[in-house]
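In the form predicted alone, a lone chain appears below as structure tokens.
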């Protein structure tokens, strides 16, 4: 049982990094991007392909996944960041659907629905963490803590305050001479790079990868974490990721739902929580109420 809890906590750590990367672009900069899961998936596939075909190890793949996802995001941002609001959301959602189709049909690269097997487990300085969940958890906890500390400092920095200003009032930011396009682009690139790191961590932990990583359910889960935690709320998103991924996702299993109904039951729990939050705590359940 203890191994099960450590495994669940490790997955929650990965989703915490993904959620905080999305919180940077959506929560802080106000980019209503429904395709953020693309960068998570690209990082995961980059790590899987580089490891199984070219022998790159875990640490190398963390850096390369960040580089590849960030590079893709730069081109993606140049094409889409002129759009605003719902237009940006629709365009990025379409891009996420295209990514899943490509992953399903580019058999030579991704092996399509068969997925990529045989990904090495994490390895640090020659030490391979095989089988034991506690070493995995400690390793991923160290990586997550480092990245979250970096993001926390970024959220509190002058650049973070600039992103909040752009989110709240673009015209005011333009009026004081700020280059809002460059700020948005860098926010997207940095958030994509962090999502790519999380994707590499996910691929090496699960040791198997298939196109379901781009599925609509993954997009909804990511949005749910940020909405529940509160847009721009740093610690709220950390708590939200552990609440949703570490607790609520497994609640139907503990209530003895049949295996065939677990997915549907999770979606019902997620939908109910989202509806309740929109009614009673629209700023997120971990945000303070306005007086």
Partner chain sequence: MSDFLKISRLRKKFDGVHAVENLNFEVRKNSITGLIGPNGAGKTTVFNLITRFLKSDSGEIFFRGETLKNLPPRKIVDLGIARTFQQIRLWKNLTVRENLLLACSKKYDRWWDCFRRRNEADAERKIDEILEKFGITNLKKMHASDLSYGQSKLVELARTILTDAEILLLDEPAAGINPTLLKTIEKIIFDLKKSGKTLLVIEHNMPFLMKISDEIVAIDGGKFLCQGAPAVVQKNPKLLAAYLGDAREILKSEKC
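Here the structure is a predicted model, which is why all the values come from computation and not from measurement. Residue numbers count along the first chain shown, from 1.
Separately, the form predicted in complex with the partner chain exists; it is not shown, and the next lines address it.
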item: Per-stretch contact check against the partner chain in the model of the complex, the hit in 106 to 114, 169 to 177, 216 to 224, 71 to 79 (non-hydrogen atom, 4.5 angstroms); value: 169 to 177
item: Candidate site 133, 141 and 204: all three near the partner chain in the model of the complex by heavy atom within 4.5 Å; value: no
item: Residue among 165, 147, 97, 91 with a heavy atom within 4.5 Å of the partner chain in the model of the complex; value: 165
item: Any non-hydrogen atom of residue 153 within 4.5 angstroms of the partner chain in the model of the complex; value: yes
item: Close approach of residue 157 to the partner chain in the model of the complex, 4.5 Å, heavy atom; value: yes
item: 4.5 Å heavy atom contact, residue 137 to the partner chain in the model of the complex; value: no
item: 4.5 Å heavy atom contact, residue 86 to the partner chain in the model of the complex; value: no
